[in-house]
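First structure 1, then structure 2: two forms of the same chain, each alone, as structure tokens.
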Structure 1
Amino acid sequence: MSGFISWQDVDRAFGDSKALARFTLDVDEGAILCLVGPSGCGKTTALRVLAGFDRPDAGRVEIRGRTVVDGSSFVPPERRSVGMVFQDYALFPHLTVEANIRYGLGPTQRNRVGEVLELTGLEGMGDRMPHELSGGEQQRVALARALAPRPDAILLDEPFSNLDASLRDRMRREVRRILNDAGTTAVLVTHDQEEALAVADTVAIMRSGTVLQVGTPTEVYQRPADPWVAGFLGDSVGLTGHVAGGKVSTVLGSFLYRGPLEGPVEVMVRPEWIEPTPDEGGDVTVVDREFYGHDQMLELELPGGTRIISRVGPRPGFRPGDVVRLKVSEAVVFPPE
């Protein structure tokens, strides 16, 4: 059964470059899906195909069970019941906030302006012009305008990229709250892994026009599908290992393993899963330290010269030259490449 939004075997090429290759993905009703991947992976093309701004070479796209494009039909963007929030917000500079939101609404929907102003925290700003607003306020106007017609879905293309770091963090929380309060199905495109993990109910990791893994933020971060996904989603320590007798052995020690693999394997450990403890009898040395206030990143040298990184809280205050012992809380095992 397909989802509330569904791409089915969608292909799209631009000359010899294939942006989407049998791209298949479902979105549940009311969920926030983040498409995340490196530049050129096809995520914006997938969004444009869904919105109707681009027509695929093959495949089918459905919204709320209705086919909006396939080999024989094409529903234009204005009839797809989707709202779009662009990277640059695309507000009309000569219209007030209220007029921007009212634009495109029918006569029977005029009362929606006040509702979405309240929903997006813009009460009292209806008479202001876009240039009088901060970046975060302009973003909320763009979101309010997209929500006003009660679309089946909201599409957001890199919505936080024009904001500075501190405002970006706050707006992530604001946008997620607004979408949840509205009960709207949303698809958000981003190249920022942290953004995807923070905002989404479901994350789809893309590479070369296809989806490599779909899951909750916790699932894709803690149980990545392969070493590439592991490295793309955050810092990771890659090790070689060997599985035998229900254990996997590495330079960090042995771990219980109940999977199907035997023999040589690849092992991934997140830096925050490696816990160093000061111990003069230990055999691991702190080589370098970067202190960030809320946490610190340590470079550690193991017996034999292998170097790894560990992320820990701000205390204790490790220093280069300190000797420690390590405890590893978990690891992920992959087949050898």
Structure 2
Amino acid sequence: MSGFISWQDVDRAFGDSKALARFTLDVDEGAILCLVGPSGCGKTTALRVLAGFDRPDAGRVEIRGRTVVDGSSFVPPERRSVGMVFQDYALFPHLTVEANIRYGLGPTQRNRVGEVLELTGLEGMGDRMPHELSGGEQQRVALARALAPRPDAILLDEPFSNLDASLRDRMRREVRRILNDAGTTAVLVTHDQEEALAVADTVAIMRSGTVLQVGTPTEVYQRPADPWVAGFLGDSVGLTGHVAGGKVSTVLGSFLYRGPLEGPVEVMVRPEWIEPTPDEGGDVTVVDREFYGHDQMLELELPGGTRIISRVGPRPGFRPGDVVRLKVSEAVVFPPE
């Protein structure tokens, strides 16, 4: 059973470089899926193949159970019922906001313009020209225009990258709200893992044209599929460990382990899973501290000389030179490289 949107073994190469290599992914109806990966990993190509702006070399793409492209057939973009929000918004510069939104509507759907203007918080701006709008407003118009024809899916290509940092956080929440209110299935492409974790219902992590892991933001962050994904999605502490008798032992101590691996392994710990407590009798030393206000990062030196980082709340008692005791709440075990 494939998803509402599904890519099946899609290949796409540009000259020698493979943008997509047997790319396979399903998106559930009504979900917001974030396709995240470093630049050049093929995520934008996946989006363009879905929209019909690019034709894959092999494989199949389905939208709502209908094949839109495979080896023998190709549905042109205007008949795929997907709305695209471009990185540069691509608002038609010669048309008003209202005419931009009306562009994808039939003559009987005029009242839809008012609906999406309201949905996106653009009431009263219908007569403006695109160049008279701020970046955030342009983005809302792009979204309103894409949503207006009630497409099966909305595709967003790096939608927040043209906004400055303060506006970006607000627009993320706003876009998420709008997409949820509209109930549309959405695929969002980004290179920013924080953005992906914040906006998505489901995150798909991509590298070199293939999907490495799919899951909820919590799943992929807490249980990354491999060390690369772990490092890509956030700060991590990598350690070597050894599994024996249902336990994995590391320099940070031993943890219960229920899994198939035996012998030498790699162990990943998030900095916030390491909890230091000030203790005169401890054997771990605080080497450095960066204080952010809402939390702080500590650099700690273990007895053997290994240095690790830990993220804790803004509690006092962690000056460089202080001695602490550690408690580690979780760890993830990977096979050795």
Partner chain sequence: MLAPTSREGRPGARPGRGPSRLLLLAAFLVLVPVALPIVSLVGTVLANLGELDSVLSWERLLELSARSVLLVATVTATALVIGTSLAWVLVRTDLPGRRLWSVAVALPLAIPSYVLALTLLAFSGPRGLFQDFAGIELPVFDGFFGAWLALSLSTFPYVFLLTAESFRSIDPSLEEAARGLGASPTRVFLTITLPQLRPALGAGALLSGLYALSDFGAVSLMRYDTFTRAIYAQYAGRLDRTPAATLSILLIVLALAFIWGEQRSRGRGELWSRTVRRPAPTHILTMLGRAGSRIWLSLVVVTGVVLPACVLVAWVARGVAAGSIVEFDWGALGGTLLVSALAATVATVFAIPVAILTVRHPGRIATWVDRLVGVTYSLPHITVALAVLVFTLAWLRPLYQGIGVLVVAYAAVFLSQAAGAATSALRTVNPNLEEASRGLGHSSAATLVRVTLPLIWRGLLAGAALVFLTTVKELPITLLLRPTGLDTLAVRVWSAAGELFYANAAMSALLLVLVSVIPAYLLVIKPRAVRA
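Under this definition, the rigid core comprises the largest set of C-alpha atoms superposing within 1.5 Å between the forms. Just so it is clear, the structure is predicted and the values come from calculations on it, not from any experiment. Each residue is numbered by where it sits in the sequence of structure 1, with counting from 1.
- Between the two displayed forms of this chain, it is structure 1 that matches the form predicted alone.
- L95: CA moves 2 Å or more between structures 1 and 2 after rigid-core fitting.
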